[in-house]
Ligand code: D9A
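The chain that follows stands alone, in the form predicted alone, written as structure tokens.
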């Protein structure tokens, strides 16, 4: 299905096939045979619960890999508690506030969740056991971030995201703290310099860029589930209720609001470029780069796009794989950011209320990418369309040849 979606994009077809047969920066490095039983469980849970991060986590170097895996699962468990609307607030609030304490309790788990990722709560004993086996430099970071995030989640479990400052604060609690925690883990592993973990402002901004992108993209899904994360300060300028944007008569107003929020998110791109320029270890660079380039591509796809209010807007897997294969250096990062920033700039409506601000931040991001004067494209070594069709035919015959022959003979 992914190949069919990319059939008119030969670069994507070729990238998908390369990725299918093992190319790319996300090859797992852990040795399952040497793992403890609980460690193997944790990596199974990682693959079950992560759509985006499982592969890049398992490609990290050294003991950082296991520390980040456990960090992810601990926060996934915490996030599952926050997301579960069936847990009464009187039970949820104290659970969030004391969640970090469960890391030292070998018996604690939670079996009442209805969320799809509830396995990380039901078998939290395994995750906590692996946490306690980590080096102290990792445990301190994970417990500290878990505590701060739990307290922050409590605040917004009891009130809405009203102002743009609230939006930044909420995104800090649920994603900026993740960026800060990861950066501290990178430095603790000694794979990166101390400044990476010490500069919390940049690390926080990395997280905010990803979270704001997710919130913008997930408008419809959140709305249908009764959750509202778009800041009222912004959307109330365009509608009486956030859900009004789903009505066709409010489409223009909805697009104006959408574009204003995307423009807000684009202001984090300079911090992304500065943060990425400090990284030295290739596996850490890949781990950080892939989500960031996916985010800028998603924002470009969402910008001024009515589909945001009718469905979930996603980039094609072929596009995602190309970026995953290419985002391994600062030059490539700058090129990808430049091209998608330029895409947003070209599609900015002249009558959009945020048009001037959008063009200004796009211009800044292009300048920081050193491509303000000329279009940059990644050199293509991929085959023309007829070759991609041939490759697809060979792949189909390879995969389904026996079934086809059986059908012919019958």
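Just so you know, these numbers come straight off a predicted model, no measurement behind them. Numbering follows the first chain given and starts at 1.
Just so you know, the form predicted in complex with this ligand exists too; it's not on screen, but the next bit is about it.
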May I ask you to decide between open and blocked for this site, after superimposing the site C-alphas so that this ligand adopts its pose in the model of the complex, counting ligand atoms within 2.4 Å of backbone or C-beta atoms with 3 as the threshold? blocked
Would residue 211 show up as a contact with this ligand in the model of the complex if we use heavy atoms at 4.5 Å? yes
Whether residue 152 contacts this ligand in the model of the complex should be assessed with a 4.5 Å heavy atom distance threshold; does it? no
Does residue 102 reach this ligand in the model of the complex if we count a contact as any heavy atom within 4.5 Å? no
I'd like to check something about residue 291: if you look in the model of the complex, is any of its heavy atoms closer than or equal to 4.5 Å to a heavy atom of this ligand? yes
This ligand isn't shown here, but in the model of the complex which of 48, 363, 36, 52 has a heavy atom within 4.5 Å of it? 52
Checked 75, 272, 333, 297 for heavy atoms within 4.5 Å of this ligand in the model of the complex; positive is 75
Tell me which stretch of 249-257, 126-134, 87-95, 176-184 has a heavy atom within 4.5 angstroms of this ligand in the model of the complex. 176-184
With the partner left out here, if you bring back this ligand in the model of the complex, are 265, 303 and 316 all within 4.5 Å of it by some heavy atom? no
